[in-house]
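Shown below, as C-alpha cells, is a lone chain in the form predicted on its own; questions about how it binds or moves come after it.
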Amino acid sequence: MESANKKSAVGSDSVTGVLKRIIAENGRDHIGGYVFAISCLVVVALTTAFTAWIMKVIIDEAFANRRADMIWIICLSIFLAFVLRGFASYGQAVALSRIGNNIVARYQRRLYAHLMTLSVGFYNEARSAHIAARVSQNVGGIRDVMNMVITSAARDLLTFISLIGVMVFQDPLLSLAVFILAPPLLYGLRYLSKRLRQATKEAIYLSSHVLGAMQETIQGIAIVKAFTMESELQRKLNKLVAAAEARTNRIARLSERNAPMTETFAGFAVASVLAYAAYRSIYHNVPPGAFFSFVTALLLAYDPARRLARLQIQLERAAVNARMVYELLDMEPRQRDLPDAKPLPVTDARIEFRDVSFAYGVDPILSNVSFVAEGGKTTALVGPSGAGKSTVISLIPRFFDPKSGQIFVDGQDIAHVTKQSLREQLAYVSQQPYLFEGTIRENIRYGRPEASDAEVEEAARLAYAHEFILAQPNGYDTPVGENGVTLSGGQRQRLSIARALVRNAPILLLDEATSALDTESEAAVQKALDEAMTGRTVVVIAHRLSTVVRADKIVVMQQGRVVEEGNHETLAKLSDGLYARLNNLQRPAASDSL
C-alpha cells in the first residue's frame, strides 16, 4: 500500500481533528454561503423563541384580561413570525445543499486526481470496489459533518439557548430543576457515541465487500455461468450480506438507544413542570400566562435538545466516512519524480537494462537482468511462464522501480527523468485490451487527445480495424459498451493497437498481444502489429513463432534471468538451449507457434 501521511492521519483521528481539517479546507471558499445560511438559521431560532415568549402575552392579555385590542397585534405578530421562519428555513436549506453538493463534487474531483498519481502497485493491492465506495459514498461524510455543525450551532444550539432564556425568564426555579436532570442524559449519550464509532467503520467495510462481490460477479458473468458457480457465489454473497445486515442492525440499536433516554427525560421534566405549575395555580393563584409560556418553551426546546443530543452520534458516523476519504487522500505516491528529474529527449530510442533486479515482495522476480533493445529494432522476450517477461515490460514505463540496477533510454537513466515525459515516448498494447466508456473514435483518440479525425481513421486503417468499424451501427461514433463488450476479442485488440499507433511514439511495448486470440483474429491482429512495429523500438513478449522469427533480437529468460540472446537462426541451432527446446516442444502442436 502507498505510504500515508502520518501527521495528517493522526490529526484527523478524532471528530474534532476531522472537523478542523474540513473547515480549514472548505470554510474560506464558502464563507459567504455559510454566513447567509447562519443568518437564516438565526432567524429560525429567534422566531421559535418568540413563539414561546408570546404565549404569556396571549394567555394573560387575551384570556385572563380579555383585551380585544391586543388580539390583532398578537395574531399578526405570530403570523409574521411563522412566515419569516418559513422563508428563512427555505433559504438555509437551499444554501447548505448547494454548498454540500459543491463539497462532494470537489472531493470527488480531488480523489480522482489523487488516484491518478498513485502507482500501479497500489491498484494491485487495493480492491476496486473499496476505492469506488470511497469516491462515491464516503465523500458524503465530509458534507454531512459541515452541515451538521452549521445547523446544530446556528439553529439547534441558538434555538435551545433562546428557549432556555425564555424558561429562565418566566420561572427560574423550574428551569433549575430541568438543568439538574440533564448531566446523566449527556453522559449516557457520550457513552453511546464511543461504541458507535467502531461499529460504523466495520459496517462501511462490510458494505464495500458486498459491493465488490457483486462487481466481480457482473464482470465475470460468463465464467460464472460456464462453471455453474451461481449457487456458490450466492452463498458467499449471502454470508457477506448477513454480516453487513447484522452490523447495520447493531448501529441502528446503538443510534436509537438515545430515544428512550431522551423521551424518558422529557416525559419526567414535562410531568414535573405540570404538577408544580398546577399546584401553584390551584393553591397560590399564580396567573397561568408565565406557566404556559414556560411549558411552550420547554416543549419547543425538546426538538433542538434531541437533535443536539444525537449530534455526537451523527458526527461519529459522518466522521468515519470522512476519515476514510482522508486516508486515501493522505496516501503519498510510492513513485515520485526525483528532485533532479528532467524531461526525456528521445533520439534513437535505445533501451538498456543493466543488472536489474526486482521483487514484488520477498521473493525475487528478476535477478541481474541485462540486455539491450536497439533503437528502431524489435526485441522479443521469450521464456516459460513465470520467467519475468511481463515484469520487464512493466519496468520500462516505470509502473514499478527496480530494487537495484538501472534502465536507460538513449543513455539516460529513467529514474532521473520525469515519468510524464518517459510515458509520452511509449505506446503500450496489453494482452487484455481495455476499452473505456465512450465511442470507438474516443477510445482510439485516448492515445493522443489532439489527434484529428483523419489521423484517428488512418491509425484504424493501419491497425486493420477500419472495415469492421464502418460495419458498426454508427461507424466511429458507435459506443463500445462496458470494456468493449459489444466487440470481439480481436476487434478490441485491433482498437488498442490503433490507439497505440495514433500515439506515434518511438517505443512500442507489446505484452503477449495475440496469445488470447483465435487463429483468424490472430492473423488480423498480427498484420496490425506488423504495421505498428515498423520503424519503432519494439519490446515484445510473444509466443507466436511468426512474431519471434522476425525479431532482430531474442532475449530468452528463465527464473528471472537472461539465459540466452540472439536471433532465431542462431538460437534454434543450440540443441541444448532453452529456446531450441521451447521451439521444438511447440512445433508438433502448431508449426507457427513458440
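So that there is no doubt, residue numbering starts at 1 and follows the sequence shown. Treat the numbers as computed from the prediction; the structure is a model and nothing was measured.
Not pictured, yet referred to below: the form predicted together with adenosine-5'-diphosphate.
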Taking 4.5 Å between heavy atoms as the contact cutoff, choose which of Ile365, Leu211, Ile351, Leu344 touches adenosine-5'-diphosphate in the predicted complex.
Ile365
The one residue among Tyr279, Tyr360, Phe169, Phe436 placing a heavy atom within 4.5 Å of adenosine-5'-diphosphate in the predicted complex is Tyr360
Residue stretch of 385-393, 407-415, 372-380, 322-330 approaching adenosine-5'-diphosphate in the predicted complex, non-hydrogen atom distance within 4.5 Å
385-393
Is there any non-hydrogen atom of Asn474 lying within 4.5 Å of adenosine-5'-diphosphate in the predicted complex?
no
Would Asn238 count as a contact of adenosine-5'-diphosphate in the predicted complex, using a 4.5 angstroms cut-off between non-hydrogen atoms?
no
Quick one: does Ser77 come within 4.5 Å of adenosine-5'-diphosphate in the predicted complex, counting heavy atoms only?
no
Contact test in the predicted complex: Asn102 vs adenosine-5'-diphosphate, heavy atoms, 4.5 Å:
no
